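As structure tokens, one chain now follows by itself in the form predicted alone.
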Amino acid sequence: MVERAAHPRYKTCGGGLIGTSLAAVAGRIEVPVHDRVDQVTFTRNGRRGFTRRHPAGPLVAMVRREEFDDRLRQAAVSAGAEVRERVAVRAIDQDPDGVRVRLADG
């Protein structure tokens, strides 16, 4: 696994995980959930609102991406992945025999 940055790293995006995302990692990592959103109310110009709830669990589980991403990295390493951080990918070449990744440091 190659990564341009070093983990854990701060990210402002993607702090809300929906059920599909949670199901994809279930049993593989412990998701560091900081809050759960159980209902959402939608309106149009402040009128005609409706509230959405999900009976099977939260609509969104809120995480801090640096913690969540680091858990994913740890799981990959535990499964045998080699992690190279602070590496820039310059090119990816594919041919019938496989894939070659060219890095900035050679």
Ligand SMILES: Cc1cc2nc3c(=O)[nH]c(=O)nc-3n(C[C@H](O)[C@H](O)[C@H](O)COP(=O)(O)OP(=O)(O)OC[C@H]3O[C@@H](n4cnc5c(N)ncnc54)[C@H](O)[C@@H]3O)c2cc1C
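Given the structure is predicted, the values throughout are model-derived calculations rather than measurements. The first residue of the sequence shown is number 1, and the count goes up from there.
Another form exists, predicted in complex with this ligand; not displayed. Remarks below refer to it.
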> Is T20 close enough to this ligand in the model of the complex to count, meaning some heavy atom within 4.5 Å?
Replying inline: no
>> Is it the case that R100, even though its partner is missing from this view, gets within 4.5 Å of this ligand in the model of the complex, heavy atoms only?
In response: no
> Looking in the model of the complex, any heavy atom of A24 within 4.5 Å of this ligand?
Replying inline: no
>> Considering non-hydrogen atoms and a 4.5 Å limit, does this ligand approach V83 in the model of the complex?
In response: no
> What are the residues of 74-106, in order along the chain, with a heavy atom within 4.5 Å of this ligand in the model of the complex?
Replying inline: V87, A88, V89
